[in-house]
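Quick heads-up: the structure tokens below are two forms of one chain, split into structure 1 and structure 2.
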Structure 1
Amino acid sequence: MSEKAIKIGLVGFGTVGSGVAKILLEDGDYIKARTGLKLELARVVDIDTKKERPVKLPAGILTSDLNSLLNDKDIQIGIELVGGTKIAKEIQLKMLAAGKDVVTANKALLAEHGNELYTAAHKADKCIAFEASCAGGIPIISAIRTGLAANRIKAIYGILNGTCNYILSNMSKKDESFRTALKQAQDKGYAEADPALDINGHDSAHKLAILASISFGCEILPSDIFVEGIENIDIVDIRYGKEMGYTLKLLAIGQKTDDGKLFLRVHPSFISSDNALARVDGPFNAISIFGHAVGQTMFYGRGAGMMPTASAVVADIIEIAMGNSKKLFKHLTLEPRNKISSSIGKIDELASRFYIKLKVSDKPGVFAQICTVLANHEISLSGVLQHEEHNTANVVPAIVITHLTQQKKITAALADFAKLEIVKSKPVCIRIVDIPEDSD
């Protein structure tokens, strides 16, 4: 008697969908040898059934009819890879109602409607697996939910967007301008023609919302996260930062304080050039997680792309087929919004160190005025940098590094700086993030 195959239906035959099909069709024997599972791609649904893809499907399984997947009771697992939120949400709900477990890589959908979908899955006695939604091929969801299950997560520091990391790496290593580095990223396929979602920080915020939800056990929405992108970063500030021992990264940060307050933010961050995250270059992602028992852990790998993301999707298929995901998913319960909203900290409350650059008149008494503004807001200096510049306007850059201080004090000081006659352009302010590292 032949062994019964686990039948899979795929909706969305784009880049990642093609990678998933490629693995299932070409590596089925290898997967069976390692897991004992016979996986069969039984149906592929896409609105475009004519487009050439990098993988050839067996005859008869590609269709534009979603109902052919939903109504096939032999298909046990449905994969949603269409992207977006509205149609994707409807597809996932229909899959669950049709009695199928769901695999998705849809970070925006889970960030905005995750708890609703998880509740629907629980009611249907099915599960949703979403390893591919965060950090591509890095098994970070599995690590948090199983490998670190004994830990109370205290903090997450992540480089979660390969496009931004590639741009900032090129600006730092090759001394390229933002626009030049962005064009390079687009030419290499690391950035979309419209890169807004990446460079404005919201892609990282979607991923942080998912990681923070499962790490801290509560319903986090993108609106809970302070977001600032990299589109206004000037190569000059990266140069000055390097001179002072810092590397610039777009960080996604989730922190839980001892009193239960959650601070969630995505923004450009100067970090020590000696920190491990500072050495993550190009399109790679990395996440450093701190647990109360394990201390610091770090996960590194390709955060996007056809095959790394497809690897994570197929890993979820295997976990569902083996029965592991369903057991784990039963215990995925998040504290609802009405119970945790008061625990979400505001960026103004957060204390940090800051890099501030002022373009000022080159004349006596300038630093006295700068120090007066800082003193008025109870901000102390930890470092100062000034370069001589030769220009007809007699304007020079003055860079100050602050000690730990609250954001609201810095915001007020920046407003006062902008009013000074000696300050000739809008002040630049970049947060300095001091990431703790384990040491014996």
Structure 2
Amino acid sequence: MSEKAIKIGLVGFGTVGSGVAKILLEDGDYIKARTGLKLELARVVDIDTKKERPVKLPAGILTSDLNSLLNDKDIQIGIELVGGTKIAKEIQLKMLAAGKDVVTANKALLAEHGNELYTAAHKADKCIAFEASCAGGIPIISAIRTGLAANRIKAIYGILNGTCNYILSNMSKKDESFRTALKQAQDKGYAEADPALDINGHDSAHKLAILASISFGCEILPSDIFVEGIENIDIVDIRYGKEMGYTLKLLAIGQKTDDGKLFLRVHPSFISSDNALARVDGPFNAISIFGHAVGQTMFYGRGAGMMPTASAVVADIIEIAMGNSKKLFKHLTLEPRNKISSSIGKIDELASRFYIKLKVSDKPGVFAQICTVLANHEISLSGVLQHEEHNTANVVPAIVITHLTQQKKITAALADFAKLEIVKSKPVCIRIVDIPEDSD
């Protein structure tokens, strides 16, 4: 392996950028011993060069001038860790045009404009590596693209957002409020600059778009994905679910049916508390992937934060420096959208089980009315729960669990519930997802 240093230019010296700088500066000798590569952090660009950072850089490499990185012909690899979709896209295109391979963790940008950027990279005979864009430190992109390359992928079930998983775990296990848990996730560096992206489910959808694109071989956009976030989750529903044997997770799901239809969705999901994904807590992510040859696989690790994400970024730098990324990137061909858009299934066509909570008057005949609405829409009940409550308003929560039924039937039933005089507030409806588990 060459003794010549591989020079690296980093743009965005924030949470992840600081982690990348830390690894490159502190672990260079170890990386060299393992890989034979001498990696050199040659330039760090950030709009704020005065801010206190957790890493001390060698004198003279921090600048606010992007051109000083672009114009340095010795810098082979450019890392974009700015975030967002506008300036970051310009930065990546400029890096490619300046002859640099690109590494990024920017899932929002790749989900929205991946194909355009990949095309620009192919034209420039460069590559874009994006391991850190999905599931933080878990090498899931590499697993799908190489480890599982022999497989026709049938389904992906993932906990892909560390912030949401941290919030839901802390609400469930520590009885914390949504706001307290979100604030902690922000303080720990898990959340996006705009945390709305985490809690409204769109960050998970960005990651699912990337994972589904490489798994199913076609361009998938966030707009192809049905998305519901966790912003309206009430701790009371987490408790009721727990009592009935379920754990609440924000799941990202991609499924390919035997007739080639793709169903892509992100939504709060009650899963069996016995399922392995139910035991994934805090900022951890996990992805279960089903391949036709391998069966079920499971990947687990830290899904967010400075060092886990930096681990994935540096892995990409090493893969580029070794010449592996470029070979693989050449084969990153995604079917254009016009070929697949008719294959994207609508959520209304999907069957699921459902948890429905109705706040109802505490008087005779209430359950009869609930059952009539369900029967009118051919929805079969699989469980009910009602606790005795003593309140002056005489309103009690009634929980029903349905058997497998189509989404459109539930939507119609919810509209009918809302018309009943006995129903006192908007019904809560959460999907129950029965994740298949491979066994002998």
Ligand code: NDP
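In this text, the rigid core denotes the largest set of C-alpha atoms whose superposition between the two forms falls within 1.5 Å. For numbering, take structure 1's sequence and count from 1. Quick caveat, the model's predicted, so the values are computed rather than measured.
Given these two structures of one chain, say which is the form predicted in complex with the ligand.
Answer is structure 2, the other one does not fit.
After the core is matched up, is the C-alpha of G291 off by 2 Å or more between structures 1 and 2?
Comparing the forms between structures 1 and 2, which are aligned on their rigid core, G291 does not shift its C-alpha by 2 Å or more.
Relative to the superposed rigid core, does the CA atom of Y190 travel 2 Å or more between structures 1 and 2?
After core superposition, the displacement of the Y190 C-alpha between structures 1 and 2 reaches the 2 Å mark, so yes.
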